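Listed next as structure tokens is one chain, alone, in the form predicted alone.
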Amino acid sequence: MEHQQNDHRQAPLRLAIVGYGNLGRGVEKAVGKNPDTALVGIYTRRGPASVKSASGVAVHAVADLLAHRKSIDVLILCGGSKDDLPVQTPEYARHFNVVDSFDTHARIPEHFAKVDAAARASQTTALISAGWDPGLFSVNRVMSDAFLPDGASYTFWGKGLSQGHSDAIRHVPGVAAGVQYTIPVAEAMDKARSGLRPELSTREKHRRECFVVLKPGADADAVRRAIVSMPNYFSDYDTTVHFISAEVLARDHAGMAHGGFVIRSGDTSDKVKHVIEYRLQLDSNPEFTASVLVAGARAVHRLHQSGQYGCKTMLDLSPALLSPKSAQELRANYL
């Protein structure tokens, strides 16, 4: 099916943001780079009067969402994966087309099932785990495996600040603020690129480094134990926790650069080896993730218009669904 992409006679895709943190502000910037989209509202759990949007778009309370249902084509959910999205995405999928960046890999099947049930029951369309990993790296892993079936794949993240892991730290009792850096182990990356298919454990591939500001009176040892033993986030890694002041956090850890690599090596015949490597180098993790979410919202709207309801992931989307360009333009200039 060819989609009527970049048809300037059509009204812009109407997007709304739930949650105005780093990711929500990134979505606001991404909309400004996509002329076929328009931001129609920001929805917050804070008092709307206390939130001023950079673009001047109206800020509303989340309680007002259902009243504005008919003016929103796709809702972009910008909450955290630990506590927000597992509740918000299935809830809002009952009323809206939605996109989220849920990034707890081990819980994606569970999250998918809940969102899919809600979306199918209400004939809406949802895209979960849209970002770069899960997301773009997921697509690359699947494609590389298909092209080199006799091979092995490796994913390395960082060095960079992880939004999801930083959010998880901030939910630990006694933590006032904090960030976490994911750091790939150089020796492990060299082994992956060698084509020799090494077996690398989770702990061998990455280490995690946390910088934490404690609340007054908090037990540092208890906080450290809670972080390093947290399942799905830190328990499988060598994790270092540093306790610092709020001033040092603001001075030295305000940047949000990230990135990583997907590497697959494989053989197509005896002694004929190949290595596929895909890299992202990001100045701003939330701004790049937000750009993927906006492209994903475009795909969700098109799928919904064609009657394809339920939950999707990036693995279900064609590149043409994500692009604002017409099928004719894509064939002429990108194929």
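All figures in this text were calculated on a predicted structure; none of them were measured in a lab. When you see a residue number, it is the position in the sequence shown, counting from 1.
The next section is about a form of this same protein that is not shown, the form predicted in complex with a further copy of the same chain.
The three residues 272, 315 and 335 all sit with a heavy atom within 4.5 Å of a further copy of the same chain in the predicted bound form. In terms of contact with a further copy of the same chain in the predicted bound form, the residue from 45, 52, 69, 279 that brings a heavy atom within 4.5 Å is 279. Note on the partner interface in the predicted bound form: the residue among 200, 139, 175, 226 having a heavy atom within 4.5 angstroms of a further copy of the same chain is 139. In plain terms, the part of the chain that comes close to a further copy of the same chain in the predicted bound form, with a heavy atom within 4.5 Å, is 105-113 out of 230-238, 71-79, 208-216, 105-113. In the predicted bound form, none of the heavy atoms of residue 164 sits within 4.5 Å of a heavy atom of a further copy of the same chain.
Under a 4.5 angstroms non-hydrogen atom cutoff, a further copy of the same chain in the predicted bound form lacks residue 22 among its neighbouring residues. Using a 4.5 angstroms threshold between heavy atoms, residue 150 counts as touching a further copy of the same chain in the predicted bound form.
a further copy of the same chain is not drawn, but in the predicted bound form it has a heavy atom within 4.5 Å of residue 29. Of all the residues from 57-91, none has a non-hydrogen atom no more than 4.5 Å from a further copy of the same chain in the predicted bound form.
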